[in-house]
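One chain follows as structure tokens, the form predicted alone.
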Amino acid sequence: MQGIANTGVFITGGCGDIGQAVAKRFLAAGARVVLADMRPAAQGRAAAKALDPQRAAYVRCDVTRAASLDRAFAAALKFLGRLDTAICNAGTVTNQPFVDVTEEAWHRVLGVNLTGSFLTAQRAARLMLKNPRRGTARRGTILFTGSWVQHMPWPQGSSYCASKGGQQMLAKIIAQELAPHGITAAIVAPGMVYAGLTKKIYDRDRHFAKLVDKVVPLLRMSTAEEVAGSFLFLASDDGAYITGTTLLVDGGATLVRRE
């Protein structure tokens, strides 16, 4: 896609399945990419090197801590030269009946998914505002990994659904405020992806697996690679006029499957 070559991309949760798939698509289109993750440094650097020894790098980053993000962005900027696309992809989930949700679990999920998105997006926006602008051209884009459950409830998903619903509104506020400054914001909302956290839960929890199998009209979960292209599209010239909205990649799950 046009408009990706030679751009700088920062991806939180970059060593996870979706993060890796997204990084591959941007690298293939000619971008430079920084993977920001909590993995040990040696493991993270190996992941980046495996993707591209010259155009991919790793920084250790805890998205729930502002100071950690400040250090990560400073290191990333030295490698990238400039920041054009920031992808708030780091996430976690705890599935529990509402009456059993602990305060600790609630804070952990909201801390990573919502506060982490806020802290990442805010720092990215500050850097993008420093990018030179030609006329009304875009200065940068901030993208979020949302979820189809930002639109509808999922059993035992109170903390996760709430975090993704909040993330959706956060993206709209960012889009509204920063559009005049040439910065767009949007969400890619996957449905059931056989990757990362969902894959682990699906493989170990038969009750969860049965629920998933009944939900998707396309009768299968997606791959991380099927989700990754949507991020590339939104960051490309083809997506430059899209802001404040969600690109739903859910196989029809929100349609509610009927037998």
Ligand SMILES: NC(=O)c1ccc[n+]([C@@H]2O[C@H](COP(=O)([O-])OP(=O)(O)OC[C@H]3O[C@@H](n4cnc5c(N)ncnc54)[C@H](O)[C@@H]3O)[C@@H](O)[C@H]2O)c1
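Remember, predicted model here, so these are calculated numbers, not experimental data. When you see a residue number, it is the position in the sequence shown, counting from 1.
Keep in mind that the form predicted together with the named molecule is missing from the display, and what follows is about it.
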Check your understanding: Would S147 show up as a contact with the named molecule in the predicted complex if we use heavy atoms at 4.5 Å?
Key -> yes
Exercise for review: Please run the contact check for G196 against the named molecule in the predicted complex: heavy atoms, 4.5 angstroms, yes or no?
Suggested key: yes
Check your understanding: Is D62 one of the residues lying within 4.5 Å of the named molecule in the predicted complex, judged by heavy atom distances?
Key -> yes
Practice item. Would you check, heavy atoms only and a 4.5 Å threshold, whether M38 touches the named molecule in the predicted complex? Key: yes
Study note, to complete from the structure: Per contact check vs the named molecule in the predicted complex (non-hydrogen atom within 4.5 angstroms), the hit among 121-129, 138-146, 71-79, 178-186 is 138-146
Practice item. Let me know the one among A90, A171, L83, L114 whose heavy atoms come within 4.5 Å of the named molecule in the predicted complex, would you? Key: A90
Study note, to complete from the structure: Of the residues spanning 161-196, the ones with some heavy atom within 4.5 Å of the named molecule in the predicted complex are K164, P190, G191, M192, V193, A195, G196
